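Before any questions on binding or motion, here is one chain by itself as structure tokens, the form predicted alone.
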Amino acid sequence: MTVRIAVIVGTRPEIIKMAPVYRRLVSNGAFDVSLVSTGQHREMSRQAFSAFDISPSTELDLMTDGQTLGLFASRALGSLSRFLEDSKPDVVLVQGDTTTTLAASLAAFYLKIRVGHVEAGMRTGNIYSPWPEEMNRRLTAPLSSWHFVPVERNRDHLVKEGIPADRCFLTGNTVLDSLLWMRDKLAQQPTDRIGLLKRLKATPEFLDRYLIERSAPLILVTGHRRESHGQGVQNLCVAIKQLVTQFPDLGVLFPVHPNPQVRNVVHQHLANFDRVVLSEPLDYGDFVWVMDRCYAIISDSGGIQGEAISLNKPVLVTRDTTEYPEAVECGGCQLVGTESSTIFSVAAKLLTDQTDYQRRSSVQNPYGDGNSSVKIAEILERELTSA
């Protein structure tokens, strides 16, 4: 009997991290797999699906402008409950820590459908950092039957919370599966210079100097966390202006998140600033291409902390806590908070101290080798078909 699995995603990071799992499950004849999108990140989700040549079998399209967390959560719970009741999958597979993840897990629980949680057990210890993601993943744990953990520490967190150790499976992080797959794909294609100029909104001189010839250092910047809205985003912009002023050869590329609380502040501070390019959010292929060519990264993203180490790129994490402590412990990432003076001083050291830069950019990634999706599919096949 074929096992029906519903893979549920809503945001760009979820799609990136679940795409290799979905593709692996589809290739396994033991499973009938559906891909469901809540549309929590509508346009950014479409970019991510396209990057992996996949598309959702069901698109709920739940996001509306100005929607609060509570409203989206309630709409997602209702819509996903109706979908699951109609489609009756045997298993729901969720990823990470989004509102989509929690709503899908709760909807499945109400219908007594088993849940598998990819990237389980990550914790910062602070329920408001990142917010609401830390609580989303904590609440998803007791609703899940399978916990696919990136590292042993994640298993330890879950066991302390009462999850049986034999329900926690060490797999590594699927983000590396996607990263390495995309890097190899890009290496086999010619550089689309005309397309990149348009998508990056960069001048030919900027593209050639910082990304084609790489004759001067480029810092890639991202920022979107809710807890950084307001002063945190302003401080990040101040640090960027200080960096490009202090280092006349430095370039900065900042793909700006569409949230108005980020976009408006960033454009107010950095628009038309020399050697700073503000682009729209990049599709995953372009983002990996830029990551592979930049000098260093400043970001509050979770996934980038796991990815960048495999590309030998140091990351300054503009947060006070991280669910990726192994990335900090190995030296690939450093928590710098959201004070402009700290962001500036740590970035300046990377730009001037080559010994420190070489140490930070040559560490081994603790989150796996790019085969996490293979392990997850094998576990599910063993668990679900060996009757």
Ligand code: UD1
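Here the structure is a predicted model, which means the values were calculated and not measured. Residue numbers here begin at 1 and follow the sequence given.
What comes next is about the form predicted together with the named molecule, which is not displayed.
Contact with the named molecule, judged by heavy atoms within 4.5 Å in the model of the complex, is confined among 23-31, 36-44, 356-364, 342-350 to 36-44.
In the model of the complex, at least one heavy atom of Leu69 sits within 4.5 Å of the named molecule. With a 4.5 Å cutoff on heavy atoms, His224 counts as touching the named molecule in the model of the complex.
At the 4.5 Å threshold, heavy atoms of Gln234 stay clear of the named molecule in the model of the complex, well away from it.
Interface membership of Thr124, defined by any non-hydrogen atom within 4.5 Å of the named molecule in the model of the complex, is ruled out. Residue in contact with the named molecule in the model of the complex (any heavy atom within 4.5 Å), chosen from Asn154, Ser105, Ser310, Thr98: Thr98. With the partner omitted here, the residue from Ser145, Ser215, Thr245, Asn259 that has a non-hydrogen atom within 4.5 angstroms of the named molecule in the model of the complex is Asn259.
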